[in-house]
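Encoded as structure tokens, the following chain is the form predicted alone, with no partner shown.
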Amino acid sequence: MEYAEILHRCFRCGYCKLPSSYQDLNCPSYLKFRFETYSPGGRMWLLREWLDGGIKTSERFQEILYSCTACGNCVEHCIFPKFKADLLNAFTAGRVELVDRGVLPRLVSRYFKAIYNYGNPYKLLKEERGKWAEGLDIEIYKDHEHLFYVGCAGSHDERGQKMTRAVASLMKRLDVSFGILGADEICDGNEVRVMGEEGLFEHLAKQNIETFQKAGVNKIITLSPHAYHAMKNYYPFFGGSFQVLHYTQILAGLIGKAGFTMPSKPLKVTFHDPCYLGRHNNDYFTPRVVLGAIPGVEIVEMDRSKVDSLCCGGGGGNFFTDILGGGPDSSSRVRAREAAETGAEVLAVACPKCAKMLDDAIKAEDMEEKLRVMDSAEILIERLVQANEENETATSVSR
């Protein structure tokens, strides 16, 4: 197994489970299950013993490997610089080994089959891919400056579609030149890669790269940080060199110059850092620039933010397989409670998977009356509507 040589170096000091304040548990699977085997150090020990033949390939072993959300907290807070960067690589390599041996959790196997057969995990036909854009007058990509790559969750998940429509509508309003692939778009493959199916990831990457190159794409805007990560950091290995931007990176330079009229009522917002934009790509700044450029928005930080942010629990394929599961100790519900403690009215996100995970968590916590999940585009569009209503009211009164 690749990276097997680093497994023995971990002596399970435990820093990988914590944020920098050492006040909370920041590893989603350890937070949920509280067994050492579900911590990064425990997985290192298990993988080593499994490779040495001391542990059999049981369902429990598979569950432990696939409960990791690949959030990167362990990489951020491990105190051993010589191997910390490869912690997640080792866990992915363990999954690759399971794939090669043909022993996978049933839900993981189903996920791979759906991606292979349909190009998406929802098992929907390709004609469904661009239906989110109906009524928005979004053009199919042709000589536009940017390709807007939406991704599986943004195309097919109901919550993700709302976010996609808001982002696309705002980009049109800001005169961003972009088109979409519609029915020709397929999965970016990031979760496939993290879940250990290297061959399928290569197939998806090469197919996407071929599609992009044939269309003449040079610049890509992604809705999801997961797609952003894959296309920016892994597609170049397969000949796909594009300028890849997350949508907040486009909005950051435009919103402040737009001169929108905003409502008089202030709005208190707290921001949840998506793992694949923050820890994986070190961009904690841009989404806050976007939120800060919206007049009247006050940003209040959670105790855990930026490098210490608690993952929503949807990474590593768990958004689709739900191997990590729910309950009061799930990271999404813990995160919802933490957001509510700030006194914010809105929990802002920058990822469709985070939007869905945290939306469900707020419902489970019965907080719908006090806290909403919104992305920056949804916030801005709502406030523009509120401003128009205020102006109409003021005009009617003056008459």
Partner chain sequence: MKDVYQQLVSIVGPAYASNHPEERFFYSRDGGTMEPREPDFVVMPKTTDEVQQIMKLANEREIPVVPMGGGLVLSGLSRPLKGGIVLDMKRMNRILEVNETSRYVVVEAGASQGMLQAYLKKHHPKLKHSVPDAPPIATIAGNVLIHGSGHLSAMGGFHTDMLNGLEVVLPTGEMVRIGSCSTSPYWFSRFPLPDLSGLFLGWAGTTGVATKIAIKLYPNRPFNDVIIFVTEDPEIVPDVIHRLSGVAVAEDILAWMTPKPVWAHGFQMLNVNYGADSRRELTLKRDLLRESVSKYIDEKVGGFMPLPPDMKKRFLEAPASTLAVFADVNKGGGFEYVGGIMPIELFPEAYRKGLEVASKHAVTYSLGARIIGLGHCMMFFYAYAFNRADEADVKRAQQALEDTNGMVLEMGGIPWKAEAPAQKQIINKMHPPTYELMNRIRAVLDPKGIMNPGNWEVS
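As the structure is a computational prediction, the values presented were derived from the model and not from experiment. Numbering follows the first chain given and starts at 1.
The same protein has a further form, the form predicted in complex with the partner chain, not shown here; the description that follows concerns it.
Each of F11, Y30 and D303 places at least one heavy atom within 4.5 Å of the partner chain in the model of the complex. Only one of 125 to 133, 218 to 226, 150 to 158, 75 to 83 places residue heavy atoms within 4.5 angstroms of the partner chain in the model of the complex, namely 75 to 83.
Within this chain, L25 lines the site of the partner chain in the model of the complex, having a heavy atom no more than 4.5 Å away. In the model of the complex, the partner chain sits beyond 4.5 Å of every heavy atom of V346. Taking the partner from the other structure, the partner chain in the model of the complex has no heavy atom within 4.5 Å of any heavy atom of A364.
Although the partner is absent from this view, L18 contacts the partner chain in the model of the complex, with a non-hydrogen atom inside 4.5 angstroms. Residues R34, F35, E36, T37, Y38, G41, G42, W45, L46, E49 of 34 to 51 are found to place at least one heavy atom within 4.5 Å of the partner chain in the model of the complex.
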